[in-house]
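The chain that follows stands alone, in the form predicted alone, written as structure tokens.
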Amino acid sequence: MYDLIIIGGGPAGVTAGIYAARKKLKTLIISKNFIGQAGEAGVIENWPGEKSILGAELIAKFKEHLDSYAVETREETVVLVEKKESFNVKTEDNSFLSRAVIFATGRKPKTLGLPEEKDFVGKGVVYCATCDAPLFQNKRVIVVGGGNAGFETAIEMKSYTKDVSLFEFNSFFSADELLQEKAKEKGVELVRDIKIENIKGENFVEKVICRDITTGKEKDFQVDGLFIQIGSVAITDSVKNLVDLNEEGEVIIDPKKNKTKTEGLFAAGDVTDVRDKQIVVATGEGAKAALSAYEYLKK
């Protein structure tokens, strides 16, 4: 029996683990991996204390800090969380009991929802630019998504190839002005009011069929790589029976204590309805959740 099980190994989960260890709680962190979205990010320039750092490097520092404490970790996927007298956290292979749980699974990338999209994953369709960008040296690349993630990806891809376009469904880009200016300086082709309707190719992506939103006309674009950066969805399947979700599928929490509707179950980070999805916010939320869990366990 653990005092606390933390589900998720991103910034929120790791920070919660550090705080729990300092409170001398018997703690287990279960996560599919200790990389997450932050570890897959490119250059991070808004983490205090580091003017510029790679996402993978920052997350490695988080894990190194965590490993300096007596916190047990397991790289497994949690499939269900149940509660009776205590919590039963089930993975694909094991079950673990605890008196309290912090749920910090984060998010996963949204897809375009095209029937053929999954057939081209790893064959030109990409959701993690940091992971796969080097494979597209001197290739034709389209980045889909006009937010910060899309612009950051397009800028990163200009280091590998000259032929980079950024497509946005809306008539405006939501990315920070600074990123938009940088993309223009780098020579990224910016295309608005366009929707991808089909992906074609033999073994790999060869072209996309799009529709101009303003005119309704169909257009074909020859392309080798399609980097999809249109946002993400909260990973909540394993706790849906124990929490309330908002319209966006995020876990609703008490913003002061990070409590969910189930006593002893707390949530933190990007999986919750906290407004801002930022690494620095997630770490703070992880700390709050751990302190609240400690308070709950000491009652």
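Note that residue numbering follows the sequence shown and begins at 1. Bear in mind that the values here come from a model prediction, so they are computed numbers and not experimental data.
We do not show the form predicted together with a further copy of the same chain, though everything after this point is about it.
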| property | result |
| --- | --- |
| Residue (of Lys26, Lys261, Lys240, Lys61) lying close to a further copy of the same chain in the model of the complex, criterion heavy atoms within 4.5 Å | Lys61 |
| Glu197, Asp176, Glu206, Glu76 - the one with a heavy atom within 4.5 Å of a further copy of the same chain in the model of the complex | Asp176 |
| Residue contact check: Glu247 to a further copy of the same chain in the model of the complex, 4.5 Å heavy atom | no |
| Contact label in the model of the complex: Glu50 to a further copy of the same chain, heavy atom within 4.5 Å | yes |
| Contact test in the model of the complex: Asn33 vs a further copy of the same chain, heavy atoms, 4.5 Å | no |
| Contact test in the model of the complex: Pro255 vs a further copy of the same chain, heavy atoms, 4.5 Å | yes |
| Whether Ile142, Val144 and Phe227 all lie within 4.5 angstroms of a further copy of the same chain in the model of the complex by heavy atom | no |
| Residues in 123 to 143 close to a further copy of the same chain in the model of the complex, defined by a heavy atom within 4.5 Å, in order | none |
